[in-house]
Ligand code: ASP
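Quick heads-up: it's one chain on its own, the form predicted on its own, in structure tokens.
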Amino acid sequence: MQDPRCELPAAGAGLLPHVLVLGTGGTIAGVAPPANTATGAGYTAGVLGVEQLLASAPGIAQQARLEFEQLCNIDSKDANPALWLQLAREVRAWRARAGTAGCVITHGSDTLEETAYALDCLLEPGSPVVLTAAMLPAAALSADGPRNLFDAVRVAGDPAAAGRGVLCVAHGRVHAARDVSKQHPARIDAFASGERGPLGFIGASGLRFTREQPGVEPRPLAGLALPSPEMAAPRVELVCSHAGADGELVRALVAASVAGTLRPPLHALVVLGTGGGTVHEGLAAALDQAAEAGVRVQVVPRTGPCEGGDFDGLNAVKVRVRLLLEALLEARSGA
């Protein structure tokens, strides 16, 4: 079978870091109708291929010896755990080759934080793995994709970025996968890292890290063999506590799971609690019933990331990613 990867030639390539760029789609690869090309209104995500994205970033071939592959071309709202596992396999295989520097993944902005954190759980903090995205489609005025991709390649090829876990690069900022989240639906600088702030910055003066992560975190999932693509991901659902939450949705999920009509069955619930993690009394009763039925229940604040404990710094969607991966890899071990 022919290798789907291609290389972008560059002058003096032997002196440049060897970087793999994996395309998955997203707004960065989006195209708007002809009448809206300048503004990007009404665009369709995941249209252009990764080779076209690289061609749109002038000078990028002088930053690294680039190898690229299109894994998929989707709107990231449609991403799933199978994509996380496919990306993890690709990165592990890439790292095993001699002379490779780092990897860039072009991704949609909507679920970038979920994919980034999933990979951070599944990969050792070795050579750089950098996700990037865009808020404007490719042909829009002042499109941010070309610059973000250019910066991501620079970070992936820089030895200073190694050993820091999975990174996200956008708008000149370098974020840790554990911290980053999309904070605005349309603003160009939509990504932030909460109170911790970005790890560093990338600009005309190069890459500059301004803080370290709070310590080298153990990654118990990183050394495990990955499940087969055919293995179904466990069901981990998000529910929210709010005024009037009576728990009937949770009871319905548990009943369907016990009856065998919900496939895969319910493994865990991540509950977005009010305040610091309080839960309406009606919902609390239903969650107790779920726990008695063997469903794992994890309450997190809906106001921001968790503080302390195993999920310190993680928001609700990342807690869900973690529980899902732990269950998936546990199921793989027992299969």
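Sequential numbering from 1, following the sequence displayed. Model, not experiment: these values are computed from the prediction.
The following text describes the form predicted together with ligand ASP, which does not appear among the structures shown.
With respect to ligand ASP in the model of the complex, the three residues Ala45, Met135 and Lys182 uniformly fall within 4.5 angstroms at the level of their nearest heavy atom.
Screening 22-30, 47-55, 263-271, 286-294 for residues having heavy atoms within 4.5 Å of ligand ASP in the model of the complex returns a single hit, 22-30. Heavy atoms of Arg211 never reach within 4.5 Å of ligand ASP in the model of the complex, leaving it off the interface.
Ligand ASP in the model of the complex is approached by Gly108, whose closest heavy atom lies within 4.5 angstroms of it. At a distance threshold of 4.5 angstroms between non-hydrogen atoms, Ser193 is out of contact with ligand ASP in the model of the complex. Contact check for Ser257: every heavy atom lies farther than 4.5 Å from ligand ASP in the model of the complex. The partner is absent here, but in the model of the complex a heavy atom of Lys77, alone among Lys77, Arg97, Arg89, His242, sits within 4.5 Å of ligand ASP.
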